[in-house]
Structures are given as structure tokens and as C-alpha cells.
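First comes one chain, alone, set out as C-alpha cells in the form predicted alone.
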């Protein structure tokens, strides 16, 4: 099989250095070479351009308005108040100013011009933050059940996110040389990487850790999913699932969404980490390096068979999987408002619609969170659903935080939001994502305004329906595991998917194709009418659509 062009770039890149340094010094263009665009992903960045202004600039014979997005590595999604203050200032000085919470429990900044990348990374480094391995063909940000309310031993489970992140970190020092001006490695043996070698993985690699009964991380949508088995407040180990991934390609039936399959249980930290490492090496050695659209772990598992893959992992890690332990998911949500955990610490989760932290006409969210951070009395935890938790607040400090949240109307904003809005999620999409075919985060709030009216019409506003939207079939906002999912096909048009369950354990299916807004609302009107009249007591909307054989 011939290698794809990206594979050759990786192998010839001098451990991800390429000509990035020279490209940064070229002041004639705001872009960097195609070769280096592939490499900077491993450093945590994408080159983008403002698609809203493409035509205008083309008419004036100007090059595209290029900029860069940078994404932080935050295993488990945790920031100290000092780091939040630093991020607030960095965003204001170097990017669009919007702090974007991603579906992988971290944050990214958009709109950095080329000359601002290095100062941004250096400022983050001063705050003990980095963007290593958050993009590219490598293990990405490891996500974990976000809220300490979920278990008295949440911290013990959460620690695994950092351990896994460190285990699967690349050995190259290119990031430190290029962005932090550290001395260039002379002895290449220091960079020998037994995991990634010189070719890295065939495609991106995602890991999530869930604590039942809440599947807030959509654990089965990941290449590796760990399900914590906790008995009597003691961590017994993890069920391990492999082969999840949601991205597809319109018109390419060889691509498909897949939920991860549980292959067994491991009971110690050593076994779990060795199994994860082995899974990554099997994917490294047997993943498709010819066709990137078929390169994710899910295809490797299906092409070689689950039995073969499991046996190969066992052979490499030296341990045999035990039979999976029983567990139950009953919900998939963030815990909005004030909550208190076993240690008597307080947590407040505001609605951060589609993860966009900014000051707008609705609410000054960015200023409010900055004021909270300046008190030094709260940490910040990100969720896999694009929200932020004001975290670890002592009882004596709660009134101070509460006063800020009320002053800036954060509590009012959160409490007045509908359930469908709190359960919604959209990807970045336009104007910056080069893959976007339709709007997502800029459009979904407006669509929800109209969906809220339909739900109210049928007295369904209290139904816990999960709705998500992506601007393309790449799956970033996990539309394929929503009860109602929208996947962009062209400007103003979406495929409508139904039938995912409320717990995130079942994929949905296409219900109608290429709908505009009028058609979407007509379909939802009919669906909600039927749901109101024919649903069973306690039945979720996704289950209803399957029972009625709508999909």
C-alpha cells in the first residue's frame, strides 16, 4: 500500500520540526507552507482563514485572511485561578478575545496572526500551560468525568487523565525549540520515541474516562473509553472499550460512525496503562496509512476483527482482560447551578452556550469569570459538553462567588435557559473551520429559539432531549449520538438524525436529508405532536423514535 502524503511529511519532518521556524520568519505572507500546516497540528495549532471575507479579499486580489487556532493540553480539563487570569489576558492581547471551550474538555483561541503564535505559546508556558499534542495524528487531550459530585473518589479517577496524557506524550523536543527557544537537541537518541517512532499514529487518537451512572464524556465515541468500576467508594478498575469514532464523509459509504466496544476489565493501574499503550501500538502498526478517511482505530478493529485485536493487545501488554464488570449509565448531562460534593466543596456550572466565553448582549460571561478568577477562591473545570465549572469553592468563600455571579446575571442567565438549550451543543464551523459546509455554533442558538416554541406548544419543555449540530460530517459536536442530530450538507441545509438514546449508548440514524430551516421545523412539529400523544410514561424522545420505527 502506498503511503498518503501526510505520512511522508511526518517521516521527513525531523521529528516535527519541518521548516516551521523559517515559515514564521516569512513576513510576505500570513500563511505557512502546506508541508508545515500538517506539522503544526502536532504542536496544537491549525491554520485557518476567515471564510466570511474570502470573496471580498479575492476581489481585491489580496491573499486570504489567514490566522491560527491554538488549543491547550488540559488532561481532565482543569485550570487554576491564576491560569484563568493569564488565559483571559492572552486571549485579549493575541486572539479574537473569545475563549472557546471545546468538546474535548479544553480551551482554544482563534484568530492569532502568525506573528502572535510564539508570544502566545510563551505566555502560556509562563502560566505552566502548553499545547503539545492537542491536534495531529497523536493522542489528543484526555477527557474525564468533569464534576467531583459524581463520586467521592472523583480525584482518584481524574488523576488517570494526567497519567495517560503523560504516558502517550511524544518525545520530540521540537515544540520547546521552536516556540520556547530552548537549545536544539544534538544527540538524537534523546528523542528516540518507542511509541510514535518517526511516523506517529495513522490518525487522531482520543481517550475518555467515564464514571457511571453519568456518561457526560460520551465515552463510547472515543478510540479508547475507560469506564470506572466503583464499589463502596473504592475504585476496582476499569472496563476498557475500543474502536469508537464519529467522523464520516458525505458520499463515501466506506466511512461510518462507530461506538466503542467493551473488550474487558483491568483491575490495576499498571494493567490499565499497559493496555492503553498496547492499543496505541497496535493502531500504530496496523492502522491504514494509505487512506486517511479510513485510518481511525475503528476501521483497524473492524478490518482485523475484535477478537484478533484484543488478543494482540493482550500479547503486547502481557495481561489478559478479565470479563467486563457490570455498570449502568442512566444520564448524560452537566450539573447546572450550585452543587456540593462529599468534601463539602461547592461547584457552580453556568450555561456557556456552545462553549463561547465572551461578553455579549445577553451576558458578560467573560468578565464575570475573570472577576471570579481574580478572587483566587475557585478553580475551573471544563466539561466535555462545552461548559465551565466554577470549582472547589470553600463554604466560607461561596457568598463572594455568588455575589459576582448575581452581579453579572450569570445565575439569572443559567436558570432562565431551557432544558433543550442546556442539552445542546454545536461545533465551531464557520467562519474559521475549513471543513464546514454549513453554520453550527452561530446558527444553533437561533434554531433553538424556534424549537423552544414548538416544545412549549406541546407542553414538552421539561423533556430532557439532547440536540446537537455540526457544520460537516466530521462529528466534532458528537451529533451522531444525539437524540436529535443535525449534520450540515450545504449552506442552510442539514441531514436530520434521530434515534440516539439519552445515555449515549446508541447511534442515531438519518431521518431526513438536506433540510432547510422551514423543513426542519415542520418535521419537528410533527414529531413533537406524535411524541406528546403517543409516548410512554418516562420514555425518552430517542427511544420513542426507535419504538415507533421512525428510523
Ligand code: SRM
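Keep in mind it's a predicted model, so treat the numbers as computed, not measured. Positions refer to the first chain, counted from 1.
The same protein has a further form, the form predicted together with the named molecule, not shown here; the description that follows concerns it.
Contact check for residue 35: every heavy atom lies farther than 4.5 Å from the named molecule in the predicted complex. Residue contact with the named molecule in the predicted complex: residue 434 places a heavy atom within 4.5 Å of it.
The shortest heavy atom separation between residue 202 and the named molecule in the predicted complex exceeds 4.5 Å. Residue 377 falls outside the set of residues with a heavy atom inside 4.5 Å of the named molecule in the predicted complex. Partner contacts here mean any heavy atom within 4.5 Å of the named molecule in the predicted complex, and among 233 to 241, 405 to 413, 456 to 464, 68 to 76 they occur only in 68 to 76.
Put simply, of 341, 80, 247, 367 only one has a heavy atom within 4.5 Å of the named molecule in the predicted complex, and it is 247. Interface residue among 173, 422, 325, 206 relative to the named molecule in the predicted complex, by the heavy atom within 4.5 Å criterion: 206. Along 85 to 106, residues 100, 101, 102, 103, 104, 106 each place a heavy atom within 4.5 Å of the named molecule in the predicted complex.
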